[in-house]
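Just the one chain here, laid out as structure tokens, in the form predicted alone.
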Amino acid sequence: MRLILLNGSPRQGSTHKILSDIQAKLTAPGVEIELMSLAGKKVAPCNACDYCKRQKTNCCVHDDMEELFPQFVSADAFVVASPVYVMGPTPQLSAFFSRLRPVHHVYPGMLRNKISGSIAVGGTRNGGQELTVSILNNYLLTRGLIVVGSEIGNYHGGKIWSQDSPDRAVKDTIGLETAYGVVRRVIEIAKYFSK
């Protein structure tokens, strides 16, 4: 099973550090954990031109989504992470998910019933992580993915307090447990459904 940890940050800061930590420390038999990043990538938002729908082919916009799309959709499970930007995910993640539109019009069912979860990283303890996780979960649901949360007490996604520092982010033991819990749960449910 191939699990993608998608870093939706335009930088390689706290969110990248958290996902790198998870990739390095979390092991599960038969699971390959791959870190995918939007940092430094150019992804224009969907402009609803309907090219993919009419032509039954990939998007006519030529940018880094041409390499990101096949890398993402070929995975078996997903955890999407974003720093909190104005009480929500990054604009890069919004553009990325809007550009997954060919999944429905060209490749129906490609992501259907694959397992996913989300993580938000905020500069303050209650700086919009819950709202960001909710929006990320909606992004995942719109693409046909099944969304899972973490353990009891952390119902719908991982929430990290970074204090605006990658080094402090990996010291947030409460937040880290929520993030690791989401990843473990995604793996558990994905393995269950793959039987």
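All residue numbers are counted from 1 along the displayed sequence. If you're wondering where the values come from, they're calculated on a predicted model, not measured in any experiment.
We do not show the form predicted in complex with a small molecule, though everything after this point is about it.
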**OP:** Using a 4.5 Å heavy atom cut-off, indicate which stretch of 26-34, 45-53, 135-143, 158-166 touches the small molecule in the predicted complex.
**Re:** 158-166
**OP:** Consider G149 of the chain shown here, and say whether it contacts the small molecule in the predicted complex, taking contact as heavy atoms within 4.5 Å.
**Re:** no
Original post:
Can you check whether Y107 is within 4.5 Å of the small molecule in the predicted complex, heavy atom basis?
Top reply: no
Original post:
Wondering, does S74 line up within 4.5 Å of the small molecule in the predicted complex on heavy atoms?
Top reply: no
Original post:
Using 4.5 Å between non-hydrogen atoms, is V84 touching the small molecule in the predicted complex?
Top reply: yes
